[in-house]
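Two forms of a single protein chain come next, each set out by itself as structure tokens; they are called structure 1 and structure 2.
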Structure 1
């Protein structure tokens, strides 16, 4: 990640990060990261791709730890700060992380692993101790740099391994396509265990010598207050956040609305992605801000691949064209190219595509064609030179609030409840969340549904928990005995 650190060196006195503790320059960021890298290295010269899991709040501390891991030659494994312990443990076990870093807010939840002999457990406060600065190892760009977890068509999430080179390519592509510069000022409101928050917002800003103001957790009122300072000029979010911002905006006085509209109108760039942007949201946001949101398409495995133009027409309901350096093709079920106006699966090639699913060689082979195209599972069509997403090849993948959720994963957890005999989880359309996770259950007679949500909260993050439960006598099935999820969905719309 040398280019990222070199960029930071160019602007030593510029504010890089603003968070709830204060403001930090690029020079402070580099110094702190180097110091933490020395702590991580301890007696070794290179972490040699050891997995370093870290649970640290978005802000100066998060970036310092992430950069330190890269400087010391480790693989960064950011842990979701809202995960309950079983979800954290899954990631720690799957990556076989040998180092774990806990921000002070997360020491308690990580307590059970403090005495694990296979793990070196470090509190962020340990890094405050003075240490002799160690020489940093030379890192080959093809070495592993980060593992992010993504849900898919298997019941358990998979770790997506990217290299330093992949990440640099993902960042530099966007910096140039969207004209990032050191005069930019953005806001970090997205979770930092997914590419949208890590790559598109945080890393692009820091690569460009821009400033990033972290706000955690997301809060529409507080975000508008940051906008009202008049400093922000670049903003990126998922459609659910734009939906929430519109609702909050509509409750403001006319005077505040006029003032905010003027401020938003002065932004250089506003982007939406991670889920389909409803045309109604795009139009309402245009009325509020004067901006047609730039909608783009990406995935944990590939970074960003398709984008509406920075300059030029942005089409509502369309994701745009291939980004420079990214090859895109649409194919049918036999991997043959479709006719130019026919729908097909999006397949991607390019330097931003991930290396492998961590510890899952078979899944990795399955997700690429024999000639090296990554199969996204998303179905699209090229309409007048702009790609348009039509759907996904698997009904078991749900996008809610911009998070990818596996219906199978939730079903497996539900089935571990002794009162639940069987279940089916589906996503139903919802204007705010994109899709809402809902579940049909076949239960023991006297089972009380009221306690189910709190039971689930101990086992999975809140965003995966079904928002509606219904009890059925049986699940709709086809002749093969497979649950027919399209039929099941109908039970939730009546």
Structure 2
């Protein structure tokens, strides 16, 4: 990760991080990271890819620990700060982590492993003790650097191993494509056990010599207050965050709305990702901020691969075009290239693609074609030069009555109904249809089934219209705001 640390050296007195404890310069970040790396090394010269799991709050402490692990030659395994202990234990056991670092807020939840003889348990407060700074090992770019876990929507989460070279490619591609610079100032609100928060926001900012203000936990009012300082010019979030910001914005006085709209209009970049962005949210946010959100597409395994342009037309409901250095192709179920206007599975090649699933060689082999393309499992269509996601083959593509139906397409239509705040569409097993199209709705008021069905008939073919509707107070979601469709299905089968 030499590029990252070299960038920090270029701006020693610049503010790198702002969190609830204060402001920290790049020099302070490097010094603290080096000190922690010496603690981690203890009596060794190199951690030699030992897995170091850490549960630390977003901010100066988190970045210091992550950088220290890389400096000392370890593989960083960030733990989700909102997970219950069994989920944490799964990651610790799967990675066979031999070092665990806990911030003071998380010592209690990790208490069951503190006396485990196979684990060296370190509290963040241990790093405050003075220590002789040790020589840091030379790290080959092809060595393992980080293990992040997939969301596990269809099976147990898999550990995605990336190398230093992979991570540097993911960062540098976005820094170039989205024109990051040291004059940028962003906000970190996304979970730091996912690519979106770690790579797209935090690492791109620090690589560029920019400043990042961490806000944890998310609070719409506090976030708007940060915006009102006038410093922020780059913002990235998931659709559910934009939805919450819109709801909060609508409660403000007209004067505050006017002031905020003027401030938001001055941002240079706003991005949405990690889940499909409803066109209705994009249009509403445009009215508020003057920005059409930049949608992009990525995965834990590949970083970002496709993006709407920083400069140029951004098409609502489309994820854009292949990023520089990334190869994209769409194929059918027999792995043949599809016609230009036909839907197919997205497959990816490029230096940003992960190395392997940790400890799962068979799963790794299975997810790559024989000629080296990563099989994403996501179905897309190329429309006028822009890719449009239709859904995930096993989750969002419903096979009903001989048709392949995009759940995302139906959701988008439903969200245009003024009474529907949000929705989730899934397919459930049915002996007659194979799968039955059903929908869960969050509504402003009770809906009339006949009226809704008639409304839908004016907007889509009959075979796409859900055969069953239920009302929920909220949709089940994971830490990144994605609707967990397998959990949603249970509401229709119980």
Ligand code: MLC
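All values reported here derive from a predicted model rather than from experimental measurement. Basically, rigid core = biggest C-alpha set you can superpose within 1.5 Å across the two forms. Residue numbers count along the first chain shown, from 1.
Structure, 1 versus 2, that is the form predicted together with the ligand | Structure 1 is the matching one, since it is the form predicted together with the ligand.
Through how many degrees does the small rigid part swing between the two structures?
-> Angle of the smaller part against the larger: 145 degrees.
Any chance you could measure the C-alpha shift of residue 403 between the two structures with the core superposed, in Å?
-> Between its two positions, the C-alpha of residue 403 lies 27.7 Å apart after core fitting.
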